[in-house]
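The chain that follows stands alone, in the form predicted on its own, written as structure tokens.
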């Protein structure tokens, strides 16, 4: 119902009740007005829901009204489905390798809504045929570092050298000789370049993290934390939500996560325009 139609309906109700008993008429009028406005609000929500599902995900993020609408509703979905790992504030947990969703550093993709939505739908290493599962960090201290790749184990000295190389690339103190030895292992028998690239800056197309930007998925970037990741491997899991949540709820929570990392723009904690 349009605003004009609502106003006309309220006017008719008032004229009808004005000749009735004053108190009963006012109470009934108030209830009628509340019902009308509830119906108007429900119709508006339904239109926005339909527009949200039909929209391109990144176009929805560029539409301030849709983003506010979706993010406000997606907050509840996030709390129910995601906060147990990512935290109520979305900042993750480096002890468990759960990424921070509030910064501009993205492990998978570039932070577009379509990338976030793909993870929400299909997960990470979630036994779904459309999930992200290419980047599995081998455990080089094990006799067989990888079940899928033919890689030789590395000695503790080799692992320490690669650790020194990564620390030096990240601007931390490291012995020059050890760092050079680690560079050769990184680019050679360790095969680290294959996922993390020759410059160690990773590959968001497969979910291989940047190792030189001071943002760590696991641990705090200390020598021990880096050594442990190389020695024992990493392969975190994010459950798939396809089939569990509707397309509307998945779009809403994806836009909420997008909003978390774009606090300078439209955000569910701010008042809508």
Ligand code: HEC
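Positions refer to the first chain, counted from 1. Please read all numbers here as calculations on a predicted model, not as lab measurements.
Although not depicted, the form predicted in complex with this ligand is the subject of the following passage.
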**Message:** So in the predicted bound form, is this ligand close enough to residue 178 to count as touching (4.5 Å, heavy atoms)?
**Reply:** no
**Message:** If we define contact as a non-hydrogen atom of the residue within 4.5 angstroms of the partner, is residue 86 a contact of this ligand in the predicted bound form?
**Reply:** yes
**Message:** At 4.5 Å between heavy atoms, is residue 170 in contact with this ligand in the predicted bound form?
**Reply:** no
**Request:** Decide whether residue 141 counts as a contact residue for this ligand in the predicted bound form under a heavy atom distance cut-off of 4.5 Å.
**Result:** no
**Message:** Taking a heavy atom within 4.5 Å as contact, would all three of 82, 192 and 237 count as contacting this ligand in the predicted bound form?
**Reply:** yes
**Request:** Let me know the one among 135, 75, 160, 174 whose heavy atoms come within 4.5 Å of this ligand in the predicted bound form, would you?
**Result:** 135
**Prompt:** Out of 143-162, which residues reach within 4.5 Å of this ligand in the predicted bound form, heavy atoms considered?
**Reply:** 149, 151, 154, 162
